[in-house]
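Below sits a lone chain in C-alpha cells, taken as the form predicted alone.
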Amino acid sequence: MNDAVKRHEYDVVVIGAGGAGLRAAIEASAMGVRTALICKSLLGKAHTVMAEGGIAAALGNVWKEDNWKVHFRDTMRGGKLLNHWRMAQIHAQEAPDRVLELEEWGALFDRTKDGLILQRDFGGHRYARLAHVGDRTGLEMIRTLQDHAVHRGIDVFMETTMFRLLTEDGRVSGAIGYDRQKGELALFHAKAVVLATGGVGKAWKVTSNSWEYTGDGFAMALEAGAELIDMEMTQFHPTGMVWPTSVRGLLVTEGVRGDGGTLKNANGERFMFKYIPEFFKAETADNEAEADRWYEDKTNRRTPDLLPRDEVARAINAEVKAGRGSPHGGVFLDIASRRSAEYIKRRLPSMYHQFMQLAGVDITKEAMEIGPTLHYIMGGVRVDPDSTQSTVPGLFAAGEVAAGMHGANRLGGNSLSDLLVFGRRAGLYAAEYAKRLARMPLLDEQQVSRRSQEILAPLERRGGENPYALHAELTDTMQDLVGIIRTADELRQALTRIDSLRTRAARCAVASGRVYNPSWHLALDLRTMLLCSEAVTRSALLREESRGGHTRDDYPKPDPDWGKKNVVTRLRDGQVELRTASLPEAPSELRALLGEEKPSAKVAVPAGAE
C-alpha cells in the first residue's frame, strides 16, 4: 500500500467541472449515489464560460415553425452526415427541456416582448434558435449549474488533475492524479467514472482554448482500453482575435454575425458570397442586396456570413492567402455600420469590452480584425448514444471529450445544449451502473504504484529537456502541418516530429518541488497532448477526403464512401492503431427528414417580429 497517495472512495467520480461535468454530477447525486466532482482549475473557471453565443434548442419562441426535427436536420447537415443519428436525435428532442430546466434553476435569459426566452440566429441553424444571456451565456450557465451543485452538497476537489484511470479486469476502478497546489498524489476509488474533460486545443499555437485543454480525457480513455473516433475532425472557429499577438486566437463570438455583423476583406468586399457551397445555396441569399433585406426584416439566417464554421474558416483562409487579408493576417468583421452603439453594447457587452481593453478597438465605430482559431474537436471517446458509456465498462463520457454528436463539424450553440443533454445522461447512467455493482471494484496496487512513479518521474530527473520548449515545438508542428488545410506530405512530417518530441518528452526534467510547480504539470500534460496529436494526425492521414473540419488539399472533395465511415483509434501495446467502422444507418423516418425538399427562398417573418 502506498501511503504517499491520498485516497478517496465514491460510487461515481466526475472528472471535469464544466457544463457536462456539473450536469453529470448533479444527476448522479440526485440518483442517491456518493458523487465526487474533480476540476483541474477552480470551480466556476471551466472553459464553458467562454461559450458566449447561446444554447441551441428548438423552443420555437422566435420562429414558431422551429421544432426538434428541423434542429436534427440542421445538426446532421452541419456535421456533413458523419454524426451518429441517434445522438443528434436525442440532442434535438431533449435540448428544450434542458434549457427550461436551467431556467427553473435560476438562469436569467434575455427575453422577447412577450416574456419568453429570446433566441438568436447562428451559423448553420435554419431558424433563430439560440437561447442567450447577451454574449455571456456560458458564464450564466456555469453559475446556475454551480449553484445547484453546491446546493446538493456534492464533494468538489479543485485544482486536481487526473493522470490515469485505474482498471480491474477491463472495467474502471478509479483514477489517480495529483493536487496541483499541494503536490500530493490523489487516488479516487470508484465504481464508475464520467469523463467531462473538454478538448485538446493547447496542442495548437493559435487557439481559443484555455490552459486546461490538454487532452487529458482522450489519453486516459485510450490508455484504459477505450476507443476514440474521428479525431481528425478539428474545428477552426472562423472568428478569433488576431491582434495584439498576446491575445491572438481569443474567441470572437458568432453572435456578432448573428446580430448583423458582416465579413469583409481588405478591399471592403463582403467576400462570403463567393464561397457558398452547393450544399447550402438554396438556403442562402444569393446576393448582398437580398441579404441586406433580411437584416431589415430582423433575420439573417440566410446570409452567407452565417454558413457553418468550417465553410467560413476556409473562406477566410483563402482570402488571406490571396493577399486580401487585414494588416495582421486576418479579415475584418464589421457590425458598427449595421447596428447602433447602444444595440452593440447591450447585445455584445463582452465583445465591446474585450476589444476596447485588449486591442484599443471600439467595435461600435470600427471593424474588428479576426481570423480562424482552433476551437473545438468533434472527435473523441466513442460512446453509446443513449447511455454515454464508452467501450470500457464503467467509463462514461460527455461534452467535448465524447464523439458522435457533431459529426464532421459542430454548429455553434450545439455545444452548450450537448453539455446539458449528455451531461445529464452520463450522470444518470453512471449512477445506475454503480447501483448495479454489488461491490467496489478491487484496486490493483501495482497499478497504483506504477502510475505514482510516472507522475513523479519528471521531478526526479536532472538535466533533461525543458517542457516549455517542447510544448512550443509541438504547437508550431500542429499549427503548421495539421492546420486548416492538410496534405499527406505535411501530415507525415508532423508524425515524424511528434515521434521525436515524444522521445524527448520522456526525458523532461523540472526543478523545484511538488508544491504548485507549473513546469511539472506541463511535463505531464505533454504526454497527453503528444498522444492526442498523434491520434489527430494519423486519423487525418487515413481519411482521404475533405469533409467538415477536415480539409485535405490533395483530396479536396468529399468521398461518398468515406462519408459512411468513422475512423477508430485505439492503443495496442502502447502503439496507436487505426481502423474504420461503418456508421449506423438512421431509420427511414429520419432519413426522410434529411432528404426533404429544400426550404423555400421566400422571406419569412419570425414570431413576434415588429
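These numbers come from a predicted model, not from an experiment. Just count from 1 along the sequence shown to find any residue number.
One more form of this protein should be noted, the form predicted in complex with a small molecule, which is absent from this view; the next part is about it.
Shown alone here, A20 lies within 4.5 Å of the small molecule in the predicted complex, counting heavy atoms only. Although the partner is absent from this view, L59 stays clear of the small molecule in the predicted complex, with no non-hydrogen atom inside 4.5 angstroms.
Put simply, T161 is close to the small molecule in the predicted complex: some heavy atom of it is within 4.5 Å.
In the predicted complex, the small molecule sits beyond 4.5 Å of every heavy atom of A28. With the partner omitted here, the stretch from 395 to 403, 363 to 371, 107 to 115, 340 to 348 that lies within 4.5 Å of the small molecule by heavy atoms in the predicted complex is 395 to 403. When you look in the predicted complex, the only residue of G427, G79, G198, G380 with a non-hydrogen atom within 4.5 Å of the small molecule is G198. This chain is displayed alone, yet in the predicted complex one of V194, A203, V536, L419 has a heavy atom within 4.5 Å of the small molecule; that residue is L419. If you check the small molecule in the predicted complex, you find no heavy atom from any of L228, T391 and A408 within 4.5 Å.
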